[in-house]
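Next up: the same protein chain in two forms, each one alone, written as structure tokens (structure 1, then structure 2).
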Structure 1
């Protein structure tokens, strides 16, 4: 008599890629505070900082371009949600555009295919949360930027950076994999539950700015707290929308939890406040009167910032899944950024 052993059940998990970045850290910290990381597996090329490792189920050091690793994830786990944070960011992408394309586009395709295969095996779509960026926009000139006001999701999609091109293309890939994947097949494959956020410039008080295109705001603060002079790489009238990290994490979690029946779009703008570099400098100097802030625009970086909208319209997110920021400009600076960054140097 033969006894057939039941195959071991795969562990149900949430997969976070690129988890060792500032958004990943913030997401893990929030989930840990809510005692909700027992099923979280993180994947990052650099691993995960020691301070974070006890907050997750497992840390996998690896590359999203590694097909063997993708197959391991497929076979070992039942993945319910993928939060895909891994990317080569804006400034680095300009220096290495072909590498950026491989990481940002092929890496995303690998994970979308993983989600498709997981959906087949579990009989229901995998949630695929994809943070995109204001970099997908391309305003043609300063006059248009001023007159356009708050830009909607479908407007002015002419990015001038490789990062913006990659993000915009991946938004379309997500829509394709959700709605049209294998559309000519005799038996249609279950799509992914693709959900995308377009973030404005993100400001974190917990991590050091790393030279990103919107980092002139946190760089001013860090320099002022340390008593160092700072020369802004954009002009004082340069203006884009911003959001602080706690609101970025809030928006991600809200979109994860939103009932699919309420979602009418694949891509959503989210934002909090819009300030010029001069307005940011004024707020910094109000708290640090001795701060030395000057404006010495770098023409190339300035051009990139000027190609982004003055503000974005996030009405769809507000109407469909109840988005609203906790932090306006006053609260962001007075209650989060200034006290937290000050504490870092005390």
Structure 2
């Protein structure tokens, strides 16, 4: 007599890649505060900072390019949602374009494939949350940047950085895996439930970004609170849209929770406020009067910032899933950045 063994139930999890970065920290802290991390498994090349380790179900130190590891995850867990944060940011990517392509593009394909395989085995699509960036835009010149104002998702998609090209291509890959994957095979595979937000420059009071080109804003602030002089690598009038970390996490979780039936797009702009480097410096200086902020533009990095829009139009996110930021520029500085950072470095 044969006894049919029931396969042990696989644990249902949310997988966060690149969890040790800024957005990962913000997300885990937010979920932990709501006691909502028991199903969170994180994957990061550097593991997870010690202060955060106890907050999640499991920390895997590993590489999204490691196919064996991806297979292991496939077999061990029932992954319901993937929040794919792992990426090399824009400045880092310019120093190592081919590495950036491997991490940003091949890494994303590996995770999309993992999502497809998981979807097959569990019989319903895996949610795939992909943060993209204003780096997908490429404004042709300063006059167009000024006159275009808040740009829509489908406008000016001519990125000048490897990171921007990678993000734009991955947005298309997400759409392809969601809608057209194996479109010619006899048995169509379930797609992934791909959802993408384009973030503006992010500013956190708790962490410093590494390798981005919008970093002049957080760098100014973190230097001022520590009493260190700061030379901005962009000119005073350089302006792009920004968002503080709590709003970035809010938008990301709103997109996770949005009912599929309400989503008419794969890719959504989200933003909060748009400030020039001078306006940021003035706000920093108002709170830290002894801050020494100078402007010594690095022309190459400045050109990257110039290619990003002055502002983005996030009407689709507002209409389809109710997005609106909590923090305009005043609230961002007065109620989040300045008090939190002052407390942190006290």
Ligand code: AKB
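Positions refer to the first chain, counted from 1. These figures come from a predicted structure and were not determined experimentally. Under this definition, the rigid core comprises the largest set of C-alpha atoms superposing within 1.5 Å between the forms.
The form predicted on its own corresponds to structure 1, not structure 2. For residue 211, a C-alpha deviation of 2 angstroms or more is recorded between the two structures after rigid-core alignment. In a rigid-core overlay of the protein, residue 121 has its C-alpha displaced by under 2 Å between the two structures. With the core held fixed between the two structures, residue 226 has its Cα displaced by at least 2 Å.
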